[in-house]
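In the form predicted alone, a lone chain appears below as structure tokens.
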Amino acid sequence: MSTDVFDLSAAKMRDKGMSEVSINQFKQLYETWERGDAKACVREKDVTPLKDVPRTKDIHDTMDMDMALDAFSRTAFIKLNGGLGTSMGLEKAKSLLPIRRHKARRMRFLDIIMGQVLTARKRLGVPLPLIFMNSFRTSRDTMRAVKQDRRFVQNDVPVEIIQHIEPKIDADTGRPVDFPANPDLEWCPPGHGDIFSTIWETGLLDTLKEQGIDYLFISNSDNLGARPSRTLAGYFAQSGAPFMIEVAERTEADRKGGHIVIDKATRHLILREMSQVDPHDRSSAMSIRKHPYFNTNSIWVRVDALRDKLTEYNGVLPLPIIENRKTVDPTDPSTRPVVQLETAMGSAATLFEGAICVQVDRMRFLPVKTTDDLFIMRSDRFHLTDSYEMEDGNYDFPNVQLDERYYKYIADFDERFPYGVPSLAAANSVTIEGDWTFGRDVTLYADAHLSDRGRSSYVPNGQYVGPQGIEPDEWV
């Protein structure tokens, strides 16, 4: 491939008004991909499993809460908010998706996040700056919604920073792809690892230091469990570590997710995604006994340590890249194949000497990636407290499989649950095959299963659905 090919992407980015920092970041990703290093594996023989990670419960029982409150008062809260939720058919910021009602008020991701922050500010008397890393596509809608909440006031720290964009690469030629039918689809985000160069370029770290902020807590806006924590702020401050990753115990459902391992050569932490696992190591990597923790994508970073590391690398950290192959229009498989080059935020841990992990409960990992997840979040398994915590009895949820043909997109999902989702309190699992619309007060129990009838079908009001489908009205 010609060395001049990247210059086409650089020129396109400059024409778009992108900064030299964003171009340098993309150049690093592009050159890594061009060398074939994107397919580099983290071999099982070269790592040690992560074991015996301190648990939040044990930490809380021994924590000096005055010290923890002091650390919390010097913490800022950053939410990754660049996603549109296109996989669920959304066209606005995913954080504007309604989750459930609280005291008759419709609550979106954004409302719950802001409620968590405002509650912490009021109850603990801390400033707790809230910053959204928005994309160009989510900024306007998100900031309009933020300004509508008159309780939220923040003057000395910006409420948003804007993540970078980069060209999608033609999978065959390595050139930036052209798509005249919709030029916006020629661009993509560089993954949540972009948070670091974005923070650097905006000068946010200097602003935070001026306001007495020493620690950052960064998490996804679609993870409602990742709320501000005085205990974790205290533990992170007390540890002296520069970087901390929240991990949780893997279950069989988490076997294919990213997990943390320890590099035998450097003793540094490594975030290993399944795409970085050699086929010969796959069974070991997926063993929840050998590798008992998964990455929740919630991290804590010291402002000084991050500033020093970004200075060392001129604002662009050398993170492992993820090669994401799609079509230029992801909803149309007939359009041109492209490569999107991304990085993961947690992979920065390997750059920090002394980075650590902390084991959190499932209550801190409540992501909504699909309508299957949304189905659970909107059900009676959860109660949204006055502190804006999504509360459940044991956080051990039923396995939900909704027929993607009829429930994948939010408009179709809402149409088939016009009165809200059924009760899940007694369900072990839920499988819905075919096109079913649900009446009021439907209860799912045990291994609830509805089979495809080959036509649009209806579950009447007040019915019970179990392993045999809708229970008969008359008992034999």
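Throughout, we count residues from 1 along the sequence that is shown. As the structure is a prediction and not an experimental result, all values here were calculated from the model.
From this point on, the text means the form predicted in complex with a small molecule, which you will not see here.
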| property | result |
| --- | --- |
| Non-hydrogen atom contact F375 with the small molecule in the predicted bound form at 4.5 angstroms | no |
| Contact of P189 with the small molecule in the predicted bound form (heavy atom, 4.5 Å) | yes |
| Heavy atom of D403 within 4.5 Å of the small molecule in the predicted bound form | no |
| 4.5 angstroms heavy atom contact with the small molecule in the predicted bound form for F365 | yes |
| Segment assignment from 350-358, 150-158, 277-285, 76-84: heavy atom within 4.5 Å of the small molecule in the predicted bound form | 76-84 |
| Answer option from P337, G258, P398, G225, heavy atom within 4.5 Å of the small molecule in the predicted bound form | G258 |
| Candidate from T371, S379, T198, T296 lying within 4.5 Å of the small molecule in the predicted bound form - any heavy atom | T296 |
